[in-house]
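The chain below stands alone, shown as structure tokens; this is the form predicted on its own.
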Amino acid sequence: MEKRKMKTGAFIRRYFRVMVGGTIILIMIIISLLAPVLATHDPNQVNIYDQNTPPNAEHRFGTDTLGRDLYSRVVYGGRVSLVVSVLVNVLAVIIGSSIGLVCGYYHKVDMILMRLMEGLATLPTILLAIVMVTILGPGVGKLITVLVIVNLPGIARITRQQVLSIKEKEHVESAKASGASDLRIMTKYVLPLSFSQLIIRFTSGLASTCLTQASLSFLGVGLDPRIPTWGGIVNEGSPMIIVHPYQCLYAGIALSITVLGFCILGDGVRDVLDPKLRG
């Protein structure tokens, strides 16, 4: 019994952050999925007779300057933030790891592709995203494309560094000597050893992507203004923040909780997969 308690305690200590962060994100996902059920009004329904109404029994979070129900808009706003954050990081890890894998294995390709990645990495993330979104125009698909491109350099660099160290190891040399093709060596012997770093990068990137998407929405670029997003709600309520602070407050709290959950989850995954980086 005592050993079981010790094992349980060790398990909780090791995975505590993962469980806390995962629980927060799971709750936010459930709320977003159940938005049609939880929402009390159409999030885009305009009612000029209910403009700037403080929180009350009918409108739990109040209404904005157009009379739209803020509670319903906040509930629906999580859908975009969560979907965009997850899809962007999944695609960025797949594409970025492929680029890093090829660059780390082939020196000639490395001289071209990594120079391009380094050029992108020198530009401020939010500035690059704003420029690209402005050029491509609004739309969820275009926003995801922009954020994937913005995230590629970091992931490609991480994978490349892993490949450069792994490809010199004995089991890789043995595979080469046995006549294995480059593709087989990269996918079977090199890439799997980089998975832990890619998983850490994926979970840690969720928070930054969520913030970047919210920042773009706050600036009024990237998505159709009619689509409820937390950043867009804060932007719309910012002119009234002194008189009606609730118009920014609840969307800001939802965004903060989500980013906090992503950060805790990312730190927990890092501690589990790479204890040497534990703070």
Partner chain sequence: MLKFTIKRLLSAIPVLFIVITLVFFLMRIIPGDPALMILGDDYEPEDYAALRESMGLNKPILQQYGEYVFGIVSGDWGTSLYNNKPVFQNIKARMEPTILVTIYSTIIAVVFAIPFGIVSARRRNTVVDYSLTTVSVLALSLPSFWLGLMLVYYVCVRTGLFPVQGYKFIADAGLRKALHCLTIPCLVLGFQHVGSLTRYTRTTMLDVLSNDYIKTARAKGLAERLVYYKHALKNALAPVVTNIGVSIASMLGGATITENVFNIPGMGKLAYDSLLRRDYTQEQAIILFVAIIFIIMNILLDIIYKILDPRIEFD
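Positions refer to the first chain, counted from 1. This structure is a prediction, so every number in the text was calculated from the model and none was measured.
This next part talks about the form predicted together with the partner chain, which is not shown.
Note on the partner interface in the predicted complex: the residue among 166, 82, 132, 185 having a heavy atom within 4.5 angstroms of the partner chain is 132. For the options 116, 95, 86, 140, the one in contact with the partner chain in the predicted complex, meaning a heavy atom within 4.5 Å, is 116.
The partner chain is not drawn, but in the predicted complex it has a heavy atom within 4.5 Å of residue 231. When the partner chain is considered in the predicted complex, residue 211 lines it closely, a heavy atom lying within 4.5 Å. At the 4.5 Å threshold, heavy atoms of residue 260 reach the partner chain in the predicted complex. Remark: residue 33 does not count among the residues lining the partner chain in the predicted complex, judged by a heavy atom distance of 4.5 Å or less. Listed stretches are 233-241, 48-56, 63-71, 25-33; the contact stretch with the partner chain in the predicted complex is 233-241, by a heavy atom cutoff of 4.5 Å. Contact with the partner chain in the predicted complex, defined as a heavy atom within 4.5 Å, is made by all three of 245, 248 and 255.
Interface residues of 106-128, taken as those with a heavy atom within 4.5 Å of the partner chain in the predicted complex (partner not displayed): 115, 116, 118, 119, 120, 121, 122, 123, 124, 126, 127, 128, in sequence order.
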